[in-house]
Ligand SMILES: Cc1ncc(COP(=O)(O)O)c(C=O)c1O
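Given next, in structure tokens, is a single chain: the form predicted on its own.
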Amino acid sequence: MNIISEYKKKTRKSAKVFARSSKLHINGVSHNIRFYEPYPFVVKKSSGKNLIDVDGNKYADYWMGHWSLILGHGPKKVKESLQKQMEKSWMYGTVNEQTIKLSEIISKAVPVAEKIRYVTSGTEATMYAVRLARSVTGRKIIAKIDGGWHGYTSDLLKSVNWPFSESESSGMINEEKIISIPYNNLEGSLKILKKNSENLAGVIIEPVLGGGGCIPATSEYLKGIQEFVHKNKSLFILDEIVTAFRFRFGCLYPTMKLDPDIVTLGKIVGGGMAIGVMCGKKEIMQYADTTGKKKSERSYVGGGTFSTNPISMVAGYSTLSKLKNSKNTIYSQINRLGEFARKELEKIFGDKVIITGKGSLFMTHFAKNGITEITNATHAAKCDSTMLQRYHFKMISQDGIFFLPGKLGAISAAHSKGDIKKMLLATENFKL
């Protein structure tokens, strides 16, 4: 029996439920990457490290809510905090103290967060960051990375998927106002930036490419880009939606001695609830203050109906408090497990794969097209993505292990070394 047949046999209820979903939703889902062939299983509940589907199958989860659940599914402290808040209500639409508490803990951990504005998704946070950069500088062009993912905002939906020279979508306008630079290639990036320097509003970069292949940037690369940007009086924007509070308590940029103007946060800071955060230096963020300003003088950075809803604020505060109070034990644990996973996967696969990642994040790339190292999204895109999806689907079908097919894996505080060993054993049984 092949893995597709095995999967269909164990997920018969999921097949029926997903058929209903397909009648109502585009491709049966509400986020493009959540669909995979022949159909995704349908989750009934989750707890700790596990997802449980409608057929009763249990999966050790390495997708972890788009990498946002660093404490695992339904951690006790967060759940208790949410239950207490639910008794008071879950939506105010006004100023609340829960927001202030979350901002206090963020501002102490993230030095650049002198002023903060909340939204409900990372896409909104990066959209506003770009608008703010254009307002501050009076310029129009934004530079991003080949393979960099900053959400679906039209301001940044360019050069996300290979081939990077093709438009990502119909319906796009003003794409000439977005330029793309090669990751970890300082000389090549500076050449492009210099050509556009006169109208360059800012550069937005992920210090670890998430969707682009789980690839860390070198400190030298980021410092070189920052130096040029600041000399050019443009803004240096770091998208730390994936990386903030993932490897340490705070952002990644201080470990590289960087000085960003704006940083975007999300995922972990929401504790599993909807959130996006734009924060930055006071003199930059003040452009979003509309008090007493003409339309031409302000950067109209709003929020949304559900921004700073008390549920997201409480979940975020509870999660960050747990991480802070652990005195680095959680980070030490999950970072060690990530290092163990990467080293052991390399031993199992040998030169057939390249493992990328940092800390508790890791991704397997099946070597192809002469690729021997992965330092940018072009290298990652030239690897064998079909084999990666097959590898992930094999673990879903036969081993009760869930990676969203083709995506990176995230380790949470709910995972143990035994879980990693089970994943490694499943890997040993994978036939290339």
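Note that the structure is a prediction, hence the values are computed from the model and not measured. Quick note: we count residues from 1 along the sequence shown, nothing fancier.
Below, we turn to the form predicted together with the ligand, even though it does not appear here.
Whether Gly122, Gly151 and Lys267 all lie within 4.5 angstroms of the ligand in the predicted complex by heavy atom: So, yes: the whole triplet contacts the ligand.
Which of 346-354, 237-245, 329-337, 176-184 sits within 4.5 Å of the ligand in the predicted complex, heavy atom basis: It is 237-245 that comes within 4.5 Å of the partner.
4.5 angstroms heavy atom contact with the ligand in the predicted complex for Glu206: So Glu206 counts as contacting the ligand.
Interface residues of 89-117 toward the ligand, as seen in the predicted complex [heavy atoms, 4.5 Å]: Going through 89-117 in order - heavy atoms within 4.5 Å of the ligand in the predicted complex - there are no hits.
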